[in-house]
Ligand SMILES: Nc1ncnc2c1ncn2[C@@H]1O[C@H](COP(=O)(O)OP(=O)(O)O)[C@@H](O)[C@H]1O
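Next up: just one chain, as structure tokens, the form predicted on its own.
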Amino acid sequence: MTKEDVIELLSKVKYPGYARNIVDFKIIKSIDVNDEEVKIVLNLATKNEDIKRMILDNIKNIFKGSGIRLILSTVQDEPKSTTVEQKHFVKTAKKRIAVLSAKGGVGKSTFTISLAVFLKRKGYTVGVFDADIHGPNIPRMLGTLDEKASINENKKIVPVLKDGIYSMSLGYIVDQETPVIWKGAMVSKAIVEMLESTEWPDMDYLIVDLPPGTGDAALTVKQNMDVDSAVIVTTPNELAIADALRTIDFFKQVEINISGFVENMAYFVCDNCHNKLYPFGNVEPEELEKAFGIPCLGAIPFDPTIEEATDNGTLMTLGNEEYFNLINEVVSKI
């Protein structure tokens, strides 16, 4: 058996919870093949003992019956090292905040733009990075749908600037109407190339709009950017809550600080009776805090004027002070 044979076998071992294997995640530190003996050293930086055990057990299983004497050992280079090379892109931002949801349709991108608009109104320099490769909606919500990326004299991509907010999205590079049909590795490569090739100005905040779930995009952003905090956007229905629990566990495993969750579309005010109505159920924030193990940053109502403004890219000029007061409460807790 050669070293190449060992790598091929190890490539069949998936990293728990992901479609990618442990070779892709670069946790194989060394391989030593000597006659009928194979020594493998793994750099398992995760603190999750169940994940460590599953990886080790799965490696043992693929060598079972091969007649090979397998010697497994693990190391951890640094207490907080990641399992892949850390790039540390977008150093020009003082703070980098990731916004994500466990499932689609909960208003994650609307909250991202609301956060950016509020911070800009407060006088901060703000950027938005659209990491949702399959559904880049940020250009539409910022009113930059017809913009295309330009290249400066340093051969770097220049972020699009509208209403004082800088933004970068795949939507500025490919046709917005063309569906992006890419596998996970291509998604990761696109995100890394945008992070590496974009020349961001000095910013107070960079808001990262992640796609729903815990796939390759979220992991790639974590591996290539120092994320200061994450905000989970959810609705108070059972399916969204169950999915949010998995997302929270993912971020804890990769050691990203979660500031808390936002209960979006929590209610709406009836035009006739002026009472609060709860389309997804009236779940008390305290109950969700107990279930999630993280604080509630705020409960935001469904407001048709907000949805219309984000669809039209005019949120910056919207005079809905009640809504932005709620966003202010969220910001004060992040």
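The first residue of the shown sequence is 1; numbering continues from there. Predicted model, so just to flag it, every value in this text is computed and none were measured.
Here the subject shifts to the form predicted in complex with this ligand, a form of this protein not shown in this document.
Engineer: Can you check whether residue 301 is within 4.5 Å of this ligand in the model of the complex, heavy atom basis?
Structural biologist: Yes - in the model of the complex, heavy atoms of residue 301 and this ligand come within 4.5 Å of each other.
Engineer: In the model of the complex, does residue 227 come within 4.5 Å of this ligand, counting heavy atoms only?
Structural biologist: No, residue 227 sits far enough from this ligand in the model of the complex that none of its heavy atoms falls within 4.5 Å.
Engineer: Since only the chain is shown here, I'm wondering whether residue 201 would be in contact with this ligand in the model of the complex (any heavy atom pair within 4.5 Å).
Structural biologist: Looking in the model of the complex, residue contacts with this ligand do not include residue 201, since no heavy atom lies within 4.5 Å.
Engineer: Even though the partner isn't displayed, in the model of the complex is residue 220 close enough to this ligand, meaning a heavy atom within 4.5 Å?
Structural biologist: Result no; residue 220 lies far from this ligand in the model of the complex.
Engineer: Suppose contact means a heavy atom within 4.5 Å; in the model of the complex, does that hold for all of 91, 96 and 116 with this ligand?
Structural biologist: Result no, not one residue of the spot touches this ligand.
Engineer: Just one of 59-67, 25-33, 304-312, 283-291 has heavy atoms within 4.5 Å of this ligand in the model of the complex; which?
Structural biologist: It is 304-312 that comes within 4.5 Å of the partner.
Engineer: Which pick from 232, 170, 240, 141 sits with a heavy atom within 4.5 Å of this ligand in the model of the complex?
Structural biologist: Only one listed residue qualifies here, and that residue is 141.
Engineer: Counting non-hydrogen atoms within 4.5 angstroms of this ligand in the model of the complex, say which of 206, 187, 194, 106 makes the cut.
Structural biologist: Selected option: 106.
Engineer: Given a 4.5 Å distance limit between heavy atoms, list every residue of 260-276 close to this ligand in the model of the complex, or none if there are none.
Structural biologist: Contacting residues: 264, 265.
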